[in-house]
Each structure stands twice: as C-alpha cells, then as structure tokens.
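Coming up is one lone chain in structure tokens, specifically the form predicted on its own.
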C-alpha cells in the first residue's frame, strides 16, 4: 500500500518548508517515505514542488502518480495534471484569484481559503501550516504528531510563534474535516525508529567515517549541502572545513592537506569539477591521495543548476591533462553514497591517486527513511606509508619517495615531520627522489611505475550489482540514480512474464570488463538507461566490452528524473522514439 502527496507553487512561497514539515512528521511516526523536490535556481519566482511517497516498506523513488495535490497556484495544477489518477484530490487556495481546476469527474476538489485563513490569524506566512493541517485531515494524520516538529522549528522564535503555527495547523485541519469527505488513509506504519537522510548527508557521513578531517570547497548547487553537513559535524572530530575562493583553490588545498598526511577532500558539481582538472593532474604526478565528490547537475556551463543529469561521466573518466591512474566510483542509492565515499578515502590513500565519487542531484538532494545503519564495519586503516622505524634504518637522504623498485608501483610515502623522510612533491617529471628530469628512459620508467598501480585493480563483487533473471532476453544497464526507477520497472516487466535483468555499474574506472562481459554476452538485447543526451555509459560499454549490435540507449536530458512508466513503455516498444541506437 502507498500514498503520494505533492505541494507546488511559486518559488519563495514556502513550498520546501511545507514539504519538510510533513516529511519529518511522517518519518517520525514510523512511515517509510521518499521525498523529492524540484526547484528553480531563483530566490523567488518560477514553479517549484515537493513530493512525498509513503509506503509500508522501504521506498527509493518518489513515484509516477499522485493521490493528493496541494496547489498554491494555477501552474501547479496544470504542470502536475498528468500525475493525477481516478480518485485523486486537489486541495487548492481559493482565496487567490485565478486558481480554477478544470472540471473532471475523476477528481475530487477541496477549495480552501488558505491565505485568507492565515490572514485571519494575523500572518499570511502561516498559510503553509494551514495547508499542512488540511493535508493531515485528508490523510487521517493526528495533529499531535506535528507538535514536536513545530516546537523544533519555531521554539527559538518564541512561544507566540509556536502557538500561531499550532492554531494555523488546527484551523486547516478542522476546515477540511467540516467541509470535505475524501480520505486517504496512510499505509500501516512500523515500530522502527527511522532516520530521514539525503544522499548528500550520507556522503558527508561516509567522508567522516573514511577519516576525512579536512574539506575545502566552494559553494555550488547541488553539492553545497555536503559542505554544510561537514561544517556542522567535522569540528566535533577535530576536523576543519574551508570555503575556498574558488574550486581551483579548494582542490589544491585538499591536495596540500593530503600531502601533509591528513585525509582530505573537495566537493563540487560540473562547472567546479571542470576548474579542478589541472589539479587532478598534479595529484596524479605527485602521487598524492585526493578524493573529489562530484554531485552532477544539468550542464554544460551553468546549464540547469538545480536539475538532475548524469553528463559528467566522460569528464570523470578522462578529465585533466596527460595520463594518470584514477578511480571512479558511482553510488546508486542514498545508502551507497556513504559506503562508496568511505571506500574512496581508503582507495585514494592505498593507491596514492585521485578517486572521484560521482553522484547526482536526484541522489544527493532527495531524502528517504532509512533503518538504522550498521557502521561497525567502517574501520579506517592507513595505507602505503613509510614508518619512522623504516626511515631511521636508512642513511640520511637515502629515502626515495618515488622508488622505482616497487613491483606494484606504489612507493610508501612519508609525511612532513618524519625524520629523514623529506621530499619535494614535484609537479614536473622527476627521478626517484625529487629532482626534475627530462631523460627519456627515466621518464618512461616513472610513467610506467605510476600506471602500474591500478594494473590489477579489482573492487570485487561490489563493482557491479545484478537483479532479475540471469538468463533473461533483455538486459537493462545503468549507473547512479536511475537504478531506483529501473528496479520498479524491472519488477513490473518480470510480473508480466518478460525475461529481463538489471545490471548496475558502480565502478566505471578502472572498468570491470571481466565482470560485466558475461552479462552482455548472454543478453539478446541491451538497453542502457542514463540521464544524458549522448549515451556516455553506452559508449563506454561499447569501448570496454563490445557487442555494439546489441546496445541501445534510453536517454533523458531535460532535467527531470526518469519515470517507471517511461522505462516500461520504452521496453515494450510503445514509444520507439525514446530509443537512440
């Protein structure tokens, strides 16, 4: 059983706060929810909405349809009309001129003078709480469940403000109960205490668990939340956050901190990641660990800064100058944002190279209910470091930071302050110590040493995930956030008798070709689903695995996440135009 609710209106009307209040109440009362918000890159103006899906079991996607639409303006009704179904309810503010839902016998209407009622209470701004009260009445949700949230949000503003919001909530609740019959009972709730978390928050937690004690970043949507989360919690663990003057400085600061022995990272989005390209080469040449978190958004340029997209894949794979070893990890769920970010710090230090964690806006800014997380397995280990005892056994000046004699290409590094461990991390090509060279033979040997690090890299079974019919005719392939819609689409296809499976790629560099190849070989048809316009993942599959004749793409690049129905329609051939061969 499930319910879906959405509030929409003009940016600046308090749409986010209305959704956040209801999301917190539902989560704290034991309901599994998934919350997604679409917003404009403006302080005020333009359409925005906040949608919540409520289920009696864990939920990972905000859903295709809509039971209750709370409309603060006419545009909200028009833009979300397609999601309404037989029996859906529209609650709208009829104290505003121009809001008139068209007649449709399938739908129930609940005109409520939200703004007028708020003004009667003395402040128009509490119309959001009036709307929450009406929504609570429609969903048979007790008003007492709102009390802790109201206290938490408004206690700092004084008891008068708290009481005003209580009154507004009650007024909306009572008005709906007195005037409308439609009820949308919520799914059964459990007894578990659930956390309400976003992908960006889980990324921050993964960094903290991974030993990160320094984050340098420049604010950019949708990655800024990571910096704010780290700013709130990192100082409690002896760490620091610096807002750099730009992304170039942020990336170089992170490299400097790693050079000094502190696990450090930078977080950004597309345009900021582009500015970091030269620094990525520096980290590769100096063999300095570096973690970069790229929360992708619509590009190029400033593009669609508040909409989701997966178009930075090629940049993550190849961006920067020269040729260096690098690792690219792609979480596909909010929980995996924690898991893969933790491992990014382990891998960066172990292999002394840049590790990029590629998430996206949908994954980073959506929120979901999560059962308690088991953090006991996340233990930090230091890797590839030379010990003081080892340095003491060497003659003065004998330590070679870039020792060519290491078989795996990873020469243990010292950190500033270790006796006899001094070296210069030179950006120019260098010898085994820290002296600049241009000798062709030595250049070739140093180059080969660096690339040797990842020659046998294998992240193991977690490089990919497989769901569905192993011997299916159809293979769906994705990376990142579309996984959640694909899982639901796959479930529908399997129930309809279609033999199909879903392959989720979580490590894209070094590409796990040996693990991926058998799945492509067995499938008769391969459909790669990704949020970009050129099929970057499909291109990578053709390059690394082959099977060009089987691979087709389902692409979406309008800033909007895939729907389950869109994927099912594409597979069933009902909308052939969506395919791009």
Partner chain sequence: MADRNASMQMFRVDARPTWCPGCGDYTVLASLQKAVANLGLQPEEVVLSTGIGCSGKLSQHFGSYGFHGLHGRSLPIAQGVQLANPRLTVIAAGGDGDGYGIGLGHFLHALRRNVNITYIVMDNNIYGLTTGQTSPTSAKGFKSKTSPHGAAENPIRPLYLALSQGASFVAQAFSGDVKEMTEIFEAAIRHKGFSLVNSFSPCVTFNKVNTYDWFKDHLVKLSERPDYRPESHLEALSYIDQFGGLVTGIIFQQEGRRAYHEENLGGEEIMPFDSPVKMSNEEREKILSYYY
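Here the structure is a predicted model, which means the values were calculated and not measured. Numbering follows the first chain given and starts at 1.
In what follows, reference is made to the form predicted together with the partner chain, a form of this protein that is not presented.
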property: In the model of the complex, the one of 186, 464, 249, 125 near the partner chain [non-hydrogen atom within 4.5 angstroms]; result: 249
property: Proximity to the partner chain in the model of the complex, single hit among 244, 108, 99, 494 (heavy atom within 4.5 Å); result: 244
property: Contact of residue 237 with the partner chain in the model of the complex (heavy atom, 4.5 Å); result: yes
property: Partner proximity in the model of the complex: residue 422 to the partner chain, non-hydrogen atom cutoff 4.5 Å; result: yes
property: Touches the partner chain in the model of the complex: residue 428 (any heavy atom, 4.5 Å); result: yes
property: Distance check, residue 213 to the partner chain in the model of the complex, heavy atom within 4.5 Å; result: yes
property: Contact test, all of 194, 233 and 288, partner the partner chain in the model of the complex, heavy atom 4.5 Å; result: yes
property: Heavy atom contact within 4.5 Å of the partner chain in the model of the complex, the stretch among 258-266, 442-450, 134-142, 74-82; result: 258-266
property: Any residue of 390-419 that, in the model of the complex, places a heavy atom within 4.5 Å of the partner chain; result: 414, 415, 416, 417, 418, 419
